[in-house]
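One chain follows as structure tokens, the form predicted on its own.
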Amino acid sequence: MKKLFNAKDRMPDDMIDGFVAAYPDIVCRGADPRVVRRTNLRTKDGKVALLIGNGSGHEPIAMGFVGEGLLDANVVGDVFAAPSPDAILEGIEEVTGDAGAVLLISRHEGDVINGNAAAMMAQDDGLKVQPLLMYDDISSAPKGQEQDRRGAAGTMFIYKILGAAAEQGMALDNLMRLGAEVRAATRTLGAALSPAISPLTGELMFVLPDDEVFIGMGVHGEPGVARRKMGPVKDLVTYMLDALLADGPIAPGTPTVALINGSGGTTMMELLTVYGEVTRQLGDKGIIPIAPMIGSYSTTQEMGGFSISLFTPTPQMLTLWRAPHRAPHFPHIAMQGR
């Protein structure tokens, strides 16, 4: 498959060039060229900073989520590779003021190692920085071992809710508690239909027969947990919802946010069809679907597939989920729903 780039070693930098050129009133480059930060920072005036370091190739997450009401900065790594501890430290130092910072870490080995190392270096330098580990993928570790699970699309609930809370002035310790509560209320399961092509090697990231679906495929092509034959969407959604609700039961009458995330090569027609089945089947169980998000936000190049994330918010969380924001690629949440 053909891909558009100037040179492989310039892909993240050329992407950042285009991003900051498109939205100069919202984002800019930091002192380190791999740091993308808010143009108008409030973190030096008493706001807790919220930032993350992660590998590129999954956009719009997380670079597209920098802006008012969301991230203060994103430290961009190479394709599918976490940025170095020194680079993450540069981002922390650039945006952190006296109120401190929450460093989000999506649970993947390189991100965890480098993020925790950067947080410790920042603490040694006298900065009030707390790392918050994010995980939600039920296929990657069994129930009871949630802390070993991978970060997946459901981490977007933490980005948005903590971003809104920080914008409203919530203190560092309270943000950390809120983040842990949002994480505990989130479950995600994905399905891969077709592989992506690595922009670095030009090779398929995995192999899957045309008539099969891989359940639980990770965002870097990590092995899934089951294979199923292709069939009607309703059957696949039933299988996935049964697994999600077995892991995190939801009582009838509970307002629940469903996030349907495309993997990069899945059309909106398909994603809306999935959501239609999800909301119908949740309704059949007496669960109340509210404030959904549907689109391709945490991607793996052109991989075909999607994930379903279920999130049961408190009233405070739901208000923060729906709060206005100004980030280029994070959608505005519909106000409809009870």
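Everything quoted here is computed from the prediction, not taken from an experiment. Start at 1 and count along the sequence shown; that's the residue number.
One more form of this protein should be noted, the form predicted in complex with a further copy of the same chain, which is absent from this view; the next part is about it.
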Residue (of G179, G218, G265, P131) lying close to a further copy of the same chain in the predicted complex, criterion heavy atoms within 4.5 Å: G265
Triple contact flag G57, T273 and H329 to a further copy of the same chain in the predicted complex, non-hydrogen atom at 4.5 angstroms: yes
Partner-proximal stretch of 308-316, 46-54, 293-301, 32-40 relative to a further copy of the same chain in the predicted complex, 4.5 angstroms, heavy atom: 293-301
In the predicted complex, D9 touching a further copy of the same chain (heavy atom, 4.5 Å): no
4.5 Å heavy atom contact, M63 and a further copy of the same chain in the predicted complex: yes
Contact test in the predicted complex: R227 vs a further copy of the same chain, heavy atoms, 4.5 Å: no
Close approach of K285 to a further copy of the same chain in the predicted complex, 4.5 Å, heavy atom: no
Interface residues of 223-247 toward a further copy of the same chain, as seen in the predicted complex [heavy atoms, 4.5 Å]: M230, G231, P232, V233, K234, L236
